[in-house]
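We begin with a single chain expressed as structure tokens, specifically the form predicted alone.
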């Protein structure tokens, strides 16, 4: 049972992982990244999200390690607070309230009680770098109002601020200016490059800056692709700079990597070429490349030890890279495409969210783990990144009922009369566990396809697909035997073409049992018999073009619901062929729940987006929530739950079987939930922090990894076995010891006694070891059947039961006692000689 007050709109995932530069932990085991209102902790080895730090009430804008405690993390947000976390346990330690919006965060080892933030107090476009003193207090919520300005009129991006030479100075870039503030001298030096107006074809604008952590060296990136290395900037007149040039477009980010090894100092740079460039010893000739990273490099981060690099990309991806420039892990978030044409769909097989991904692809995204599963290349052409080029767009997609078929539509239109249209049908291959192209149809319609849907009735004889187009026709496609003499190939062909008075077809949908097809032609809704393709009836309200159309389900299957562009929601009764009810709502999203009669509709109002949940049989909504989002909601979808919820209130029962997700204009994925993000983590993710802290040596498996207490149920099933040897054949260390030639092994006396005992004795023989030694074995043979001996055996067993606790589950029979005594007579004295 769930309380009504606990239901709220939450950001369930899909937030930008590339909004700010990632941060490594001190031991390089974890990487931190901001994700909307949260901070996510990922393992660099397994790519698993091990913690979600939630507590901010607005967008998180900066994260940094606590320089005085490497197990703690600072974060700042637009909510005006700085929070200190214990990221190992995921616990909020303290909250410092600054009071104004914080745009970035920086920390220094030299300033123990202060941090640096970027704020804009006076004007919205004027930003300042200020130092915030963090008071020492035992309370959890502390006010930090003591601010001191370090630099004024700076860029709000944290990539344009860098601290260098162990905190002796800070460098800031904006437009054509480089400003350097020296903390000891409390002076500021400013250097200027010529603007593009004075020099032909020059793009000297600064884009980013990085400072050497131990030397007086500043690296700046520029719009023309050049990197400048500034030295001797202590003197305004004697400063020098050298240029490094490889990038053909603007430099997106820079980072220094300093190690004590033979590789020394190197500078990392990245941009729109999707190539990570490492400048060894910051020399033009000595550079290495890691190409084909897939998308524009937005940020570059280096671990404190210098053994790992990290790049975040424009396709919402983080790549962890080893020191030798080999990618070791990829953390892929929800890809934010330029626009979502396909809408939100659910893969019936994996329950994954499916929508437009990177150009020309469909992405399959796990809502449970907030991680991308895989990409399906639909267009199958190389993407050319050129702003002036008109690309092929993936505009429509739909799944068959069991997920066996996938239909996609792609188009490209350079001029009004030059439309390139292609529809593809994909079959799911069980062997490869992926979709394989089955049928390709060029120009299925003469104009843009506005809708497509499969007949998802369970009793459907053959797969059926319907497409609607602006050319005034809807077409029915069926799966038939292709012209193959072996009758093993199948393909899709057009079975029927329908139209209505040359109106544009805008929507189409099948009824739950597949017997009826509804097609909207602008303002008119037509109902067709799917068996004979005869027109049965029409509905017309003259309330504007039909924007959304869907049939009712289960007990409401006799109703048809439609929403018009003029803000009218209509419900028709298919039995009486009349309008059942109508309401004045500007519906932008309308989605039926596949597991119930409920329909969710999102309307747009002046205050934001409102949600209405209703049944077609009742004009009164089941649930209304105003202002679920301040911005426009563009898409929505119901996702069936694996485990039903237990809402008892009538207003919340619509969430019992399915969960409703919706996507806003800024591509934020939201839902209604009662759980915090931390509760959604899998048990394996929660155990990862503890598991990784244990040393995994060979003897760790042999000696320390005995978990019989956790396997009590298995031991109870094996009680009938007198001697049970440990299962050692699957342990690599044991195999190595057993199969290594004898002449290269150490002496047996050198090996661990516990290891030898664990191979010879099982847990069940403990009762035999603890039996009293004063029992004469000869007497046992003579008086085996006497009552006195039986009583003595029972007493001995009783005392052993109390000593062993849970080790012995039941009393041994006479035959088992006899076998144990024989086993006890075996001589193990030879072990002592090892």
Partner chain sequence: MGEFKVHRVRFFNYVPSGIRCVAYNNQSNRLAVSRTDGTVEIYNLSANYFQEKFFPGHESRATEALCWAAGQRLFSAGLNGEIIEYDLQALNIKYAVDAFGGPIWSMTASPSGSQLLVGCEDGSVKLFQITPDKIQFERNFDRQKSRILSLSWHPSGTHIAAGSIDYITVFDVKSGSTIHKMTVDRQYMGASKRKCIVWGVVFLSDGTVISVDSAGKVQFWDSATGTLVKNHLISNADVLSIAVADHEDSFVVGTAEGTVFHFQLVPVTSNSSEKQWVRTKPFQHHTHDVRAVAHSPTALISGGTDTHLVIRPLMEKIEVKNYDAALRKITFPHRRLISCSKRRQLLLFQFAHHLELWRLGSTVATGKNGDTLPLSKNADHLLHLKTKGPENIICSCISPCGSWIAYSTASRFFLCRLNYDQDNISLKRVSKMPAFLHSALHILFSEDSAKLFVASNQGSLHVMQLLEGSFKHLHTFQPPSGGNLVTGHRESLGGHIWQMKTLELHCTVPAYNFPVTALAIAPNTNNLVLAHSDQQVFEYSIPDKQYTEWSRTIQKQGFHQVWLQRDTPITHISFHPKRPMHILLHDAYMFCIIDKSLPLLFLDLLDEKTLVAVERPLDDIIAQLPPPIKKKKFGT
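Rigid core: the largest C-alpha set superposing within 1.5 Å between the two forms. Note that this is a predicted model, so its numbers are computed, not measured. Residue numbers count along the first chain shown, from 1.
Same protein, other form: the form predicted in complex with its partner chain, not shown, and the subject of what follows.
The closest non-hydrogen atom of residue 136 lies beyond 4.5 Å of its partner chain in the predicted complex.
In the predicted complex, at least one heavy atom of residue 165 sits within 4.5 Å of a heavy atom of its partner chain. Shown alone here, residue 631 lies farther than 4.5 Å from its partner chain in the predicted complex, counting heavy atoms only. Its partner chain is not drawn, but in the predicted complex it has no heavy atom within 4.5 Å of residue 122. None of 440, 542, 214, 665 but one reaches within 4.5 angstroms of its partner chain in the predicted complex through a heavy atom, and that residue is 214. 243 is the sole member of 389, 579, 71, 243 with a non-hydrogen atom within 4.5 Å of its partner chain in the predicted complex.
Of the candidate stretches 278-286, 509-517, 148-156, 76-84, only 278-286 contains residues with a heavy atom within 4.5 Å of its partner chain in the predicted complex. Annotation for 559-587: no interface residues with its partner chain in the predicted complex [heavy atom within 4.5 Å]. With a cut-off of 2 Å and the rigid core superposed, residue 239 has a Cα displacement that reaches or exceeds the cut-off between the shown form and the other one. Superposition of the core reveals a Cα shift of 2 Å or more for residue 282 between the shown form and the other one. Once you line up the core between the shown form and the other one, the Cα of residue 185 ends up 2 Å or more from where it was.
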